[in-house]
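Next up: a single chain in structure tokens, the form predicted on its own.
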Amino acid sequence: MAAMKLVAVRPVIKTVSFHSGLQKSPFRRNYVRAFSAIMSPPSKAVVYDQLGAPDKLTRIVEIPPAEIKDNDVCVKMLAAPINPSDINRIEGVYPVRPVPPAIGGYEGVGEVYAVGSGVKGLSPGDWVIPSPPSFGTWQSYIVKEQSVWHKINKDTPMEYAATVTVNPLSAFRMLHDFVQLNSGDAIVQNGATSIVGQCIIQLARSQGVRSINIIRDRAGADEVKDKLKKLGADEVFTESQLEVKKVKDLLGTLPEPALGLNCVGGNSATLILKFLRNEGTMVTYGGMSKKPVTVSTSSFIFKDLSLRGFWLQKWMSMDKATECRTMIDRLLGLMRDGKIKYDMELVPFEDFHNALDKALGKQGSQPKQVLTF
């Protein structure tokens, strides 16, 4: 991509006009461009004016150009996923969320379009991701201060660069933050078909750690098991297979797991607890079943189990910016080498609402939806 030449703009007062088929933006306003101000192109964005049902409240609009200040970087977005946490933010049930009217999206990858006069180390054509993630990635152009952006290797597949932070980084941290895992140890997890679950399988295998994986009963469960085993899973069980008195009899030669990872809750979390060895730890990072985690008294008294929680956003807020970027570069390297992979579906930005329906589960089980711009 040729470097963009920044050109001074003459003073002008105007009202933004909207392309056919686009709705009025809550960001629409009269604005003054000061002499010599550098402006971004107009941007298409997914916006919502209030909290509630995403499929009813989101719409694609055109928002006006933004000024590119001396330390700003204008990024043309290439791809951004629809994550469950993005949906939860719009619904108003996520602990940290922007105040409406707001633009959706939290992670993604883009190409530097233009830079302010004070920016060092970034040039037009570079690929960048917001790190830590930043609100408002569901738009075609973003202008933010240069410290928001982390330059990455352009050889990384675009869809993996767009999705590296929320799910793969969560998997990486949970395998390192709670239990010292050594080669030959084992872990147990539910939600194994999720992107986090698939990353856990592959990262554990790279450390020589064995994995026991629990999936829900479903049509085609055997095909799912085969797929997970090809990724490196040692054992895969459906929940109904574990309705036995002694689940540990199913381990065979595998050691009792030291670490359990729970994103489902309810009975599925209880099954994880049954597998854990004495003084084992279960980490909860999600609650897809919307049912509580229930622990027997004997598990606490006689097994001395530990229950912990993990929230990536809290971890990243603990002055972890440099460490976070180092780990992201490591994960991106594994992705380029084909050592971390998962299914995604690339969807043109204009088809956002169809992608949203899939992400909401309206069309059955679907791959991760990744918007392309």
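Just so it is clear, the structure is predicted and the values come from calculations on it, not from any experiment. Numbering starts at 1 and follows the sequence shown.
Just so it is clear, the following notes concern the form predicted together with another copy of the chain, a form of the same protein that is not shown.
Relative to another copy of the chain in the predicted complex, residues P95, S296 and K314 are all within 4.5 Å by at least one heavy atom. Only one listed stretch (104-112, 285-293, 127-135, 152-160) carries heavy atoms within 4.5 Å of another copy of the chain in the predicted complex, and that stretch is 285-293.
Contact with another copy of the chain in the predicted complex, judged by any heavy atom within 4.5 Å, is made by just one of R59, R325, R308, R336: R308. For E279, a non-hydrogen atom is located within 4.5 Å of another copy of the chain in the predicted complex, even though that partner is not displayed.
For the chain shown alone, D304 is a contact residue for another copy of the chain in the predicted complex, at least one non-hydrogen atom being within 4.5 angstroms.
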